[in-house]
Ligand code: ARG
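Presented as structure tokens, the chain that follows is alone, the form predicted on its own.
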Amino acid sequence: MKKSSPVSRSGRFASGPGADVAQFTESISFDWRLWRHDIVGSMSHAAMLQKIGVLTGAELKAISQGLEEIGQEIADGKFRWKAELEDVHMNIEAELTRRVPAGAKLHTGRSRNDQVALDVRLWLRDEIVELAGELRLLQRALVDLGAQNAEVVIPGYTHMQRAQPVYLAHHLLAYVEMLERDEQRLANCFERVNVCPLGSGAIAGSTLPLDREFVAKQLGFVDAKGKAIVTQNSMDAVSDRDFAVEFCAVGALIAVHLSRLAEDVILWVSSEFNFIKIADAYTTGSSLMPQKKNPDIAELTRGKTGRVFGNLMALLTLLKGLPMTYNRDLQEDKERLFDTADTVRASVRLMAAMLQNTTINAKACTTAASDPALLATDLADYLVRKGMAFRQAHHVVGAVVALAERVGKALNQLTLGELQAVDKTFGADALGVFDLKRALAQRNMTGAPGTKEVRRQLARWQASLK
């Protein structure tokens, strides 16, 4: 077995790990993406070490310059990652120490345990901010599509059966509301991510006078008043991955909402519905059937929900039996966390782009929404206004529906005589219930799909999403 670098292997060991062990334990193949956050964290830690007298001003300058140079090389794709150094932290530190002798002092007062906890928190803060912005873009795409087709009415569905008429915009705004809750959950998650663990060491802090609050402020771990936010228990700080689980849980719920939206899109674009048309750039063809135009973006978004769920379950299972504090098992958290962020963000971006390139078939929507059976409940409400109890009115209208089916007529084609044969409460104005515009105009309580209310909600969201 070859001798390992003193940076990655302590003096406790006479030799380095076997090649198979090194391959099994390395994480640089995926945690390299933390490099920016590792460098920023190291710079702040170095500044703190200089503040407490561990580093001189010249040493701090040399370390900072060395880290900046390494960062530039990584950004330019010129840095050579070494699997034998295991992870991003040791790769950067080893290279820094090779270039700058004072780099050997950089690890003073810190462990890879609190270092990785810091890096992941820094990385996840950025991901949350980016994802929140992408959710806003998806909300805008939904609102814009609704506003551009504000007069279009479609059937609303329960149990996948036509239920009552709603404006298309009202249906789309339902997803805007879901995504708004997702953004709120992300904001809440951010608060628990935004806590600085550095200074916790491997388990028990340090005997050195580390200034944890200084580092926290340097790295932006502060509250609304600028007060430093640091972890309060060193053992919890290095083993806590609640924030990762929480993000994956939020990501799973976002994926649920995206999957539901995708399902509607898949139905609407089918020949049976024909409510929408997706631009060619966001569809694919068939290898066999030349007429096919498949909604693959929506289907893949729906399908990727499973892997996001799996990531959450993997993290929960990973953590459930771990004793205090850090255990190497925790290395398995990153791929699950990274994959959730990548998958959810890509799905949000592509769904937004697809909707921006979707047009509405207003004629097909209107034809479907003009089915008078969608207004059967309105006919029951008509009877309620005449003084009938709703349960009785529901029964009466059910009998009217049965009559219409028996005589082969649509509800709005029944005569007054036929209606009154079921119940004398029906008057000459009963058939006016089946005026679709009138029916929608009457639904104007907050949150209803009424004409004025939908316009108000569209305007509210347009103003909010500017």
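All figures in this text were calculated on a predicted structure; none of them were measured in a lab. Heads up: residue numbers just count along the shown sequence, starting at 1.
The same protein also exists as the form predicted together with ligand ARG; that form is not shown, yet it is the one meant from here on.
- Interface membership of Arg336, defined by any non-hydrogen atom within 4.5 Å of ligand ARG in the predicted complex, is ruled out.
- Looking at Gln392, you'd find every heavy atom of it more than 4.5 angstroms from ligand ARG in the predicted complex.
- By the criterion of a heavy atom within 4.5 Å, Arg112 is counted among the residues contacting ligand ARG in the predicted complex.
- When contacts are judged by a 4.5 Å heavy atom cut-off, Arg328 counts as touching ligand ARG in the predicted complex.
- Contact with ligand ARG in the predicted complex, defined as a heavy atom within 4.5 Å, holds for exactly one of His89, Arg212, Arg121, His171, namely His89.
- This chain is drawn without ligand ARG; in the predicted complex, the residue among Val116, Val308, Leu131, Val265 with a heavy atom within 4.5 Å of it is Val116.
- Contact with ligand ARG in the predicted complex, defined as any heavy atom within 4.5 Å, is confined among 420-428, 398-406, 24-32, 433-441 to 24-32.
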